[in-house]
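Single chain ahead, by itself, as structure tokens, in the form predicted alone.
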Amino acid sequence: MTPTTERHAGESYLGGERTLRSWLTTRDHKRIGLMFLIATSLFLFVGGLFALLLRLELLAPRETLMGPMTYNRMFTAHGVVMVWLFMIPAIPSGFGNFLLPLMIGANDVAFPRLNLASFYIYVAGAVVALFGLFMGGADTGWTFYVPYSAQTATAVVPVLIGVFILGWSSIVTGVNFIATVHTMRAKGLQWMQMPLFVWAIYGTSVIQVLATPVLGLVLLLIGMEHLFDWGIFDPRRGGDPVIFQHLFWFYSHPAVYIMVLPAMGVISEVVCAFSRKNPLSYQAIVIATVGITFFGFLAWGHHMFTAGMSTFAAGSFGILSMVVAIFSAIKVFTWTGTLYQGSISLKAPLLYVLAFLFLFVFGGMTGVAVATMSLDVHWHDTYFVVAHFHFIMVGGTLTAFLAAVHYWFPKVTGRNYPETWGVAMAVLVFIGFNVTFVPQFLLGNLGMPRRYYDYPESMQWLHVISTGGSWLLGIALLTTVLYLAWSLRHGAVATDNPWHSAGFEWRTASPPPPYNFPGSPALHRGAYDYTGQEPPEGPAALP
């Protein structure tokens, strides 16, 4: 691909028309991606604030900061905001929008207007969900389990409608990305030559398109049950509450990989860039991505071991869950092998990658444990599951998100951040996260149920440690926002490729020009070489 390093002031996507109207009506995938990043980052801190308030309540037994009903509404708000408004859309809709066309040599996504519509659908869903959370306050948890969600007096219906709308944003984004990968790759860029981040976004898009309609269906059923009392999930009238769990987890288990697969794509890019090596096995990572995408649809039942199922079904779901773990392990071993004997540059993005590897492996091993029925019966609905979920979902997604923010910050903004602060906060995020959630594994082993605002005094010391860790994590994230915001104006001007990476997106200016490439990029040889060497026949551009 021909680099577009020569540019004049104002020729980046951030230049040109800078009015509010120009941003709100833009069809530039980079501006839309940046708006998604700003919105999802805002909701990260809203959800994080709810978490800090929850941990303050749990600092001591019995009521301290809020009563039981307020506590129920607060942990529901925390879960809804973090899962539906941050973790699911953050990397795919944010960095996926910004980077996918750049990485495949396209000037935009396949459907630019639909892309902008997906952002407005996301905003509409967020507004409706937050309206329900703040006006009436749902108290069902983010899973909306029946029969309680069909009977609660809280404003659960607006929250359900909000999440339903958010699902449409995911579907629209997924369709757009699939069409873009299929139809807009640069000439010469074959499937097994695509950047690994593109493979991760493609797999995520398939899950979004196939699984999200199931979520929409079950949310509508709860809404009708709640509004019209139809008895769909009431066993006294022939309904079945367990069918809700099947439908919900048929979406929500693949949704785990809507959060984790893009994170894995980030890890693949950063590991190769900062070890100055091609991946130990490009094919292994691609096959593992496809395997996770497929088998993620088949393992939903391990969330339901205590709901009542046959021994055969429980064993089958447990085995399928462990198959998914095998594909995840392939990726971990490949990343580790790529780092081995690499020319390591220990910058903030790579530190977040190392944090991801520890948290993901630790959380993954506990995931294999809870996929074993004999262990899950003891740990189900305890703080052990809370800790496992946060190690995989929050630990994995958050550290990868922060790695992506720091790695692509020069590309998105044209500025560098202060590396010393980046390294320090990466270490503090890792420490704060472990101090927060490792005690919760111990609490789960002791039988502490999740979603309880009270507990025996013998458990208080573990809650005190966990609460202290949450505030340490909060301080680290707030400091990260402050130095990144400072860098937007005062950071050193970034070169086009400050990391000396071979990723396709770095072959454009930083920040990129409005239409990415001056012509139609072409690859004569095609293979994605992470070592920074040009294809032997050199780059070329079609007129």
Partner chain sequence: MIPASADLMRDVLFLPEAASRQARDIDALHFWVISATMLGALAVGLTALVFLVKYRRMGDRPRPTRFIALPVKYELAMAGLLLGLFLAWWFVGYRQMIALQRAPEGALEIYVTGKQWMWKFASADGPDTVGVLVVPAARPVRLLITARDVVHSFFVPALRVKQDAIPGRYTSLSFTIDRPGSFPVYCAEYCGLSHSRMWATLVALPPEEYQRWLEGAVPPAVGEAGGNADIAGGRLGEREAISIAQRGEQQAARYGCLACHTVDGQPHIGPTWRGLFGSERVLVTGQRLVADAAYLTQSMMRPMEDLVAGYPPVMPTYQGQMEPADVAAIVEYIKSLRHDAGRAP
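Residue numbers count along the first chain shown, from 1. Computed from a prediction, not measured in an experiment: that's the story for all the values here.
FYI, the form predicted in complex with its partner chain isn't displayed, but the following is about it.
Asks: Give a yes or no on whether each residue among 241, 339 and 344 has a heavy atom within 4.5 Å of its partner chain in the predicted complex.
Replies: Contact check passed for all of 241, 339 and 344.
Asks: Sort through 446 to 454, 210 to 218, 399 to 407, 119 to 127 and report the only stretch with a non-hydrogen atom within 4.5 Å of its partner chain in the predicted complex.
Replies: Within 4.5 Å of the partner lies stretch 446 to 454.
Asks: Of 114, 179, 361, 431, which residue is found within 4.5 angstroms of its partner chain in the predicted complex when only non-hydrogen atoms are counted?
Replies: When its partner chain is considered in the predicted complex, the option within 4.5 Å is 361.
Asks: Only one of 224, 464, 307, 290 has a non-hydrogen atom within 4.5 angstroms of its partner chain in the predicted complex; which is it?
Replies: The residue in contact is 307.
Asks: Even though its partner chain is not shown here, does residue 83 get within 4.5 Å of it in the predicted complex, heavy atoms only?
Replies: Contact with its partner chain, no.
Asks: If you check in the predicted complex, is residue 488 within 4.5 Å of its partner chain, heavy atoms only?
Replies: Taking the distances in the predicted complex, the answer for residue 488 is no, it never comes within 4.5 Å of its partner chain.
Asks: Could you confirm whether residue 69 comes within 4.5 Å of its partner chain in the predicted complex, counting heavy atoms only?
Replies: Contact check for residue 69: yes, within 4.5 Å of its partner chain in the predicted complex.
Asks: Are any of the heavy atoms in residue 235 no more than 4.5 Å from a heavy atom of its partner chain in the predicted complex?
Replies: Because a heavy atom of residue 235 falls inside 4.5 Å of its partner chain in the predicted complex, the answer is yes.
Asks: Can you tell me which residues in 317 to 333 come within 4.5 angstroms of its partner chain in the predicted complex, by heavy atoms?
Replies: In sequence order, 318, 319, 322, 325, 326, 329, 330, 332, 333 come within 4.5 Å of the partner.
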